[in-house]
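Here we start with a single chain on its own, the form predicted on its own, put down as structure tokens.
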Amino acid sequence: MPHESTPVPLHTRRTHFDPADDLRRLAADGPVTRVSLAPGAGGEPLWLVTGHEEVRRVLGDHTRFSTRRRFGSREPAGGDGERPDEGVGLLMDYDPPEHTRLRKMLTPEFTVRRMRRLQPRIENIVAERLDAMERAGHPADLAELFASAIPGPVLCELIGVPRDDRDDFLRRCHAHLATGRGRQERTAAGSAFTRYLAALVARQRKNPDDGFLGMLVRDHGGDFTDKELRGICILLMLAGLDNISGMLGLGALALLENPDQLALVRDDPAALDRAVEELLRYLSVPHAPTPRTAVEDITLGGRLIRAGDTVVCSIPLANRDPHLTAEPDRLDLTREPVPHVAFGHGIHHCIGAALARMELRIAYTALLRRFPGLRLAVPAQDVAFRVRSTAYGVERLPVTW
């Protein structure tokens, strides 16, 4: 388990809302750099890509940059070995043609039109969490009562986890993801979480409902294996929890620290669509997508990357690249949307992007409407950030109103 004394990996380091200074210095030396992400801890050197154009080239070129892990030391770049059970269905770990087969069946379930079916339930979930926060009184921890309390129920609603099962299901899922817990505890929670999903898939096979799993079973039947369906659900949970909670908490903090920007969206909720795009770009809570492996020699950003080399793309630095937009370090909710890479790019562009955008828009709107006088209850410099999770965010966010 990560220990407090273990260095924070280089590519995940932040200073408040910004990439850390040591990352900035790397980017200033060029868009592609050979580094160790754990300097001083024996980390293997790899390529860190920080330029927006170069990141899009890597993420958009699945023929030369594979996301498939090598499950054995003798496998070639791109892997050709048998996938272990725990890796089945994890879409970000697949290359074409396997990826194409799965993505083609999943994409219709994530269209804007399909996601809008969830909108009333998301609005109810957000309202329930705001009720709980109001009942708790102020000061309240917005990270606990709002940011972290919304994504799980929304994902359960999407997947089709019965209401009576949700508390246990989410408790196991959070325990599995909690980097501060011991390995045995996390493994046990992960096993229970996986067994529950396997049973849920079996139930949907027998009696499919109108939820995401039921629709996949009804529309595609045997085209998915049970393990693939289980893995897809695991991926949704792993990808959705930390990223959305990170955006909700960090986004709220960014608005509170920029009252002129907050006023723009509080006074004109129609401005939220553009504001969400700017918050996604500016905050860039995912540190990096799945590392790529070069499958052939390729020159990128003036550097020769050899076949077999590992390539990591920095999302925060790519989205703050001055070639992407002017004054990239300034939060400007009136900025024309730019092709940021907060949801990735290419064939692995986040399949749940439409859901995430809708969830953020609903949650920010409801929060500002419920608490028009919302403000920090502590000095901004005392806000604690989570630095060891898969997505950046706030650990605690005391607020009052």
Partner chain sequence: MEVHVDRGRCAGSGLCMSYVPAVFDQSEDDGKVLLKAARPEPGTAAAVRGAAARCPAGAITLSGGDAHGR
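Since we're looking at a predicted model, the values are computed, not measured. In this text, the rigid core denotes the largest set of C-alpha atoms whose superposition between the two forms falls within 1.5 Å. Positions refer to the first chain, counted from 1.
Keep in mind that the form predicted in complex with its partner chain is missing from the display, and what follows is about it.
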Contact test in the predicted complex: Asn124 vs its partner chain, heavy atoms, 4.5 Å: no
Contact label in the predicted complex: Lys206 to its partner chain, heavy atom within 4.5 Å: no
Residue contact check: Arg375 to its partner chain in the predicted complex, 4.5 Å heavy atom: no
Contact test in the predicted complex: Gly346 vs its partner chain, heavy atoms, 4.5 Å: yes
Location of its partner chain contact in the predicted complex, chosen stretch of 112-120, 288-296, 311-319, 248-256 [non-hydrogen atom, 4.5 Å]: 112-120
Listed residue (Arg370, Arg69, Arg56, Arg64) with a non-hydrogen atom within 4.5 angstroms of its partner chain in the predicted complex: Arg56
The unique member of Arg266, Arg103, Lys227, Arg172 whose heavy atoms fall within 4.5 Å of its partner chain in the predicted complex: Arg103
Those residues of 84-100 which, in the predicted complex, come within 4.5 Å of its partner chain by heavy atom: none
Core-superposed comparison between this form and the one not shown, Ala270 Cα displacement 2 Å or beyond: yes
